[in-house]
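Take a look at this single chain, the form predicted on its own, given in structure tokens.
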Amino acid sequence: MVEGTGFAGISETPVVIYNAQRPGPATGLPTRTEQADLLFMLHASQDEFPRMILAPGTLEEAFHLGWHAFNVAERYQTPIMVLSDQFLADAFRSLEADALDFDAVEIDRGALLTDADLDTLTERYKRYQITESGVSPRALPGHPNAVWVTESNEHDEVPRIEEDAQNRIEQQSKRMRKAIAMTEDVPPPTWYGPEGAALTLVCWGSTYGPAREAVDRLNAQVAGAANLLHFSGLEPFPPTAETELRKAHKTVVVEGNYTGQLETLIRARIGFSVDGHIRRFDGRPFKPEFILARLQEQEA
């Protein structure tokens, strides 16, 4: 529910929200796939708060971005959204034994107060203490010096419900400061294929697989014909995105929605206009044949 997302934002509650997209509106095609919730997830809830949107493109990415999402949620005490789709959620394939690196998994609980910190606390615990980073140190439940009650209203540091204008400015600014550091934790876009190719397919999420195969087929016909730029981090928009996109000679965005939501996000964030697009919104997953046929139509 959007109300719950907003509550997590103002109460600074770490939470990971997983969305396997399928066609709507309403029930739509409940067993089919689409990529049409990006802009909704970007703006879901009342007002503004920092969030991260991750969109895995493969089973391996789903694993690694999954534990990364939980770490980022704890680190910044804010909702993190994993944006999958029905195609990826239902997909299965055999993996090599070392495909999922369990040794790389880290657990980061962020800024936590220890029992020693709380034992020596001489004033009331400030759950929403104003800090330079925007992150207020948390106390795990159970310590008698760290008892607080939170709510969905604006609050002061203690917290108490507070509608004072200056307090509102300080608390909202504190929350939004987290977004600055969060840019360091969002995955950058990644390349596949030869550098300097004539055509760059741009995609996000599970369109990675069919787009990658389409690139392979194009390069089998003409060496250096195509490459691929894949986005698995969408919010905050990756700081390197503009530099990477401007390396491309011709860009075509491949995504599963009617309006071109990644295309819109790219234009809004960095003012970059792509050269073309291939969209699908019939509930069926992309196939390399579909991509190649649409490219041929555009060249005709």
Partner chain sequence: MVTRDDYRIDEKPTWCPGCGDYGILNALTRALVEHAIAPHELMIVTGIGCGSKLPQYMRVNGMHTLHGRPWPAAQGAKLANHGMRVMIIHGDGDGYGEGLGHFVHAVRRNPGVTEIVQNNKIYGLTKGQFSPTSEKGWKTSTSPHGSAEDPAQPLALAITHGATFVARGYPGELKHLIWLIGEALEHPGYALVDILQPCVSFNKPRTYDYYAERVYRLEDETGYNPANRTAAWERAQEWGERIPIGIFYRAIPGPTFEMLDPVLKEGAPLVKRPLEKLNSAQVESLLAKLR
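Residue numbers count along the first chain shown, from 1. This one's a predicted model, so the numbers in the text were calculated from it and none came from an experiment.
Just so it is clear, the following notes concern the form predicted together with the partner chain, a form of the same protein that is not shown.
Heavy atoms within 4.5 Å of the partner chain in the model of the complex are found in exactly one of 213-221, 96-104, 186-194, 164-172, that being 96-104.
In the model of the complex, no heavy atom of residue 90 sits within 4.5 Å of the partner chain.
Among residues of the shown chain, residue 131 is not one whose heavy atoms approach the partner chain to within 4.5 Å in the model of the complex. In the model of the complex, at least one heavy atom of residue 151 sits within 4.5 Å of the partner chain.
Under a 4.5 angstroms non-hydrogen atom cutoff, the partner chain in the model of the complex lacks residue 181 among its neighbouring residues.
At a distance of at most 4.5 angstroms from the partner chain in the model of the complex, all three residues 109, 140 and 159 contribute at least one non-hydrogen atom. Of the residues 146, 121, 113, 225, just one reaches the partner chain in the model of the complex with a heavy atom at 4.5 Å or closer; this is 146.
In the model of the complex, the partner chain lies within 4.5 angstroms of at least one heavy atom of each of the following residues of 1-28: 3, 4, 7, in sequence order.
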